[in-house]
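Given as structure tokens, the chain that follows is alone and in the form predicted alone.
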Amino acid sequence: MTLNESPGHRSGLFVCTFVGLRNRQDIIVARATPAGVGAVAVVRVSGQGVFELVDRMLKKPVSNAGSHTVHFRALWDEQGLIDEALLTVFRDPSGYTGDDTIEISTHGSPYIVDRLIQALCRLGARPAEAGEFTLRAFLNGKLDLAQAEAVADVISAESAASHQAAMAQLRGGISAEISLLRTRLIDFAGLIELELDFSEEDVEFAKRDELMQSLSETLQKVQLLLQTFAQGNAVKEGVQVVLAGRPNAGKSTLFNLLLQEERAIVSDIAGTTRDALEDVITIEGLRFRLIDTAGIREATDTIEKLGIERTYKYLEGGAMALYVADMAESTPDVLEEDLRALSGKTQHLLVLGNKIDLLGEWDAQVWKEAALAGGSGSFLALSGKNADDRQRLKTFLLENSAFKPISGDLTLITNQRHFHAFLLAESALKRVIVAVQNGTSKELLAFDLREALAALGEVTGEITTDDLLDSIFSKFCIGK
């Protein structure tokens, strides 16, 4: 696909002209607050000529108003008065989208909102598509692509950690890192391209020792960023925790203990849990998605067999597996045998030794040794019936999640697309280093440098495609 310089204000950045949404010159309108009845609703209208369009609904115009000003007006259509509202004016390029925009705050009646939007559409606006306001902000240079994606992450943040990570990206954290990396590579890529222009003279404008040092430092930084993805993904999506073990080990009891409610049925009858139960808790700002699964044993009927098969699927896909062992009824040898059978089926296997209230500390130590010998990463002995053990269990989960509190200067990769782009950049940089070491032709050296630059540029949208933009912005909510 041919790369074209984007329209609007994004001078110096190269993106494909985006055709997934309709004409950028259209005036677009959408409700910016959630649907339903509320005290106030906000309708956002944006585009060239928006002030003149809205003036046609007013007896006192706002087209001459300054940016970032608020005006009390009555809104009218052919049927009469719609509502009395506050109109907030944002002039190009000061508003969110970079285009002239008015945000109309009305009473929260769905009837009022629908009637207002219909009236604006009859006057020449059209309904905005998903993410279209933020798309315009990107195309107008108000946000880069990573920041635009962060807008959606801020909206969907469900914990303090995910909100903090999204806000850091929205404020340009990952973009600043990429800008530094690309600047360094662009300088050397320019010198290599210059050498190609003077290939007959066989000159070297880019000193190879300086190039190697710069490449090594850049590669190291890219790899450090890649290492943050595990934590970043956990912050954004939450840590999946699968409670597994033999029947009657106390999985459901521990599930209820964490949630502080009788969410799962607890019974002495083996095989009570036939299907997985899921719920969410937040520990020190980090979300954990708990999954209580069917006990692992030889199934006695078809339904239980399906439940056990589902348990194994969760174990294979779970970021953290908590294997619950009944220390009162089972033995350390059985635990070690079970863990070895699960070896390779899950990446992060921890053991909870349940019913410590029925044993002594010396017995718990034997169980811990068996757990570690079986391949467990960590062991905790507790009682699911002891409310005081809830905090110990929460601390155990947090410590084994590999989560670290986000400092102000820490940049996390929280986006799968960004992670993939950094992987491509890492691969290209490694090829460049090998090429420099082996004295490979300048043509191949320049090609790999361009590949690294392109991969980094994809994160911020300095290089992108129609399909990519369509995929990203179609996931936004209407009105943003």
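Just so we're clear, the structure is a prediction, and the values are computed from it rather than from any experiment. All residue numbers are counted from 1 along the displayed sequence.
Below, we turn to the form predicted in complex with another copy of the chain, even though it does not appear here.
Another copy of the chain in the predicted bound form comes within 4.5 Å of no heavy atom belonging to residue 418.
Although the partner is absent from this view, residue 345 stays clear of another copy of the chain in the predicted bound form, with no non-hydrogen atom inside 4.5 angstroms.
With a 4.5 Å cutoff on heavy atoms, residue 387 does not count as touching another copy of the chain in the predicted bound form; it lies far away.
Interface membership of residue 376, defined by any non-hydrogen atom within 4.5 Å of another copy of the chain in the predicted bound form, is ruled out.
Checking 58, 35, 424, 434 for any heavy atom within 4.5 Å of another copy of the chain in the predicted bound form turns up a single hit: 35. A heavy atom within 4.5 Å of another copy of the chain in the predicted bound form is found for one listed residue only; from 211, 380, 125, 157, this is 157.
Annotated contacts: 42, 111 and 151 all touch another copy of the chain in the predicted bound form [non-hydrogen atom within 4.5 angstroms]. None of 245-253, 76-84, 349-357, 219-227 except one has non-hydrogen atoms within 4.5 angstroms of another copy of the chain in the predicted bound form; the exception is 76-84.
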